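In the block that follows, a single chain appears as structure tokens, in the form predicted on its own.
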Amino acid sequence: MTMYDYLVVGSGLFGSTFAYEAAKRGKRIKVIEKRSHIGGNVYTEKVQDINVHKYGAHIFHTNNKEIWDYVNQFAEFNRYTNSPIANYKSEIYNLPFNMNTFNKLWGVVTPEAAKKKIEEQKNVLAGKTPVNLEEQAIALIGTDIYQKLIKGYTEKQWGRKATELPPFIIKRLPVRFTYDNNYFNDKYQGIPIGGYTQIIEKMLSSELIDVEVSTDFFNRKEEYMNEFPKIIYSGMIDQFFDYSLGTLEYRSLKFESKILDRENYQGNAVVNYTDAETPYTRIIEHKHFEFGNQKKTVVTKEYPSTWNKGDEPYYPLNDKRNNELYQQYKDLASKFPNVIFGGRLGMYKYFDMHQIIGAALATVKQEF
């Protein structure tokens, strides 16, 4: 084992970016992955000649040209623009909230009229500073949109009432007074033609990198800690320390995918179901990410679920209690200089893909 300079735990974007950069600098790396495939949550698999986003929709977007150029060296990206729609009890609305949404909801046709309507509805707060997600949403967009397009979806997503969720969760919600259905404001956006897995494959293709899948770090943790001079760990930080200070909370997801014998099921890649009664939050129709015209289609229903030990963690629950507990784990981690904690689970923070790559490159810069 001493032949390796690094053990990288996890083959998602953080671990793979670090491994790629370390190999470029002549380092020998072993990458271990507990799943049966590389790629973490960005893994795509070919089904009916359609690149299926196995762990939920992934749309690459960034304002950072350096990151955009970096990821484009591994794949050619298409011009996909994220324009999800909301289905509220069979009423269809455009997302993000824009003039198309406001026109459908209220019949308004000018930005001035839309703003006036929102201001009227915000008056229910009587100038109060929002202390929870519900109040923050109403302060941003009024009561009608909150009730139809935010409340049910958000409470399903997080498994808590909106009045029990912190306001910051909704602060980055895009609201615009133009007829523009592009969800992201970022300059660069697209999806790799042929799926994301190729990116990870290319990152890990160096002769200096050995990859083992279906390999759980915790089955041989003590050996790994003794045998490798340095470890890049992108798993759950609390699990690394055997939950000794307490268990951090996450939200999990369950996916239900089907092949349908039709060309087009819903006419859009992503449809959010915003009422409380529908048990899933969204349906993804994967072929639309790459403008596919295959004879069949693959759809995936996404069900949020409570996370329990052994489940796949997707979203850190960054409320006050969990953030304070994470800080304690971070302090504990500082006593292990040979272990670098990274990624969404190692840093207990939700990252978009470009942010994960940015964090990995920052780690590389610090390390070398």
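Numbers follow the displayed sequence, beginning with 1. Predicted model only: the values in this text are computed from it and were never measured.
Omitted here: the form predicted in complex with a small molecule. The next part is about that form.
Across the proposed site, 10, 34 and 41 without exception bring a heavy atom within 4.5 Å of the small molecule in the predicted complex.
Proximity to the small molecule in the predicted complex, defined as a heavy atom within 4.5 Å, singles out one entry of 341, 68, 329, 55, which is 55. Scanning 93, 228, 250, 217 against the small molecule in the predicted complex with a 4.5 Å heavy atom cut-off leaves one residue, 217. Checking 22 to 30, 312 to 320, 44 to 52, 329 to 337 against the small molecule in the predicted complex, the stretch whose residues place heavy atoms within 4.5 Å of it is 312 to 320.
None of the heavy atoms of residue 18 is located within 4.5 Å of the small molecule in the predicted complex. The closest heavy atom approach of residue 235 to the small molecule in the predicted complex falls within 4.5 Å.
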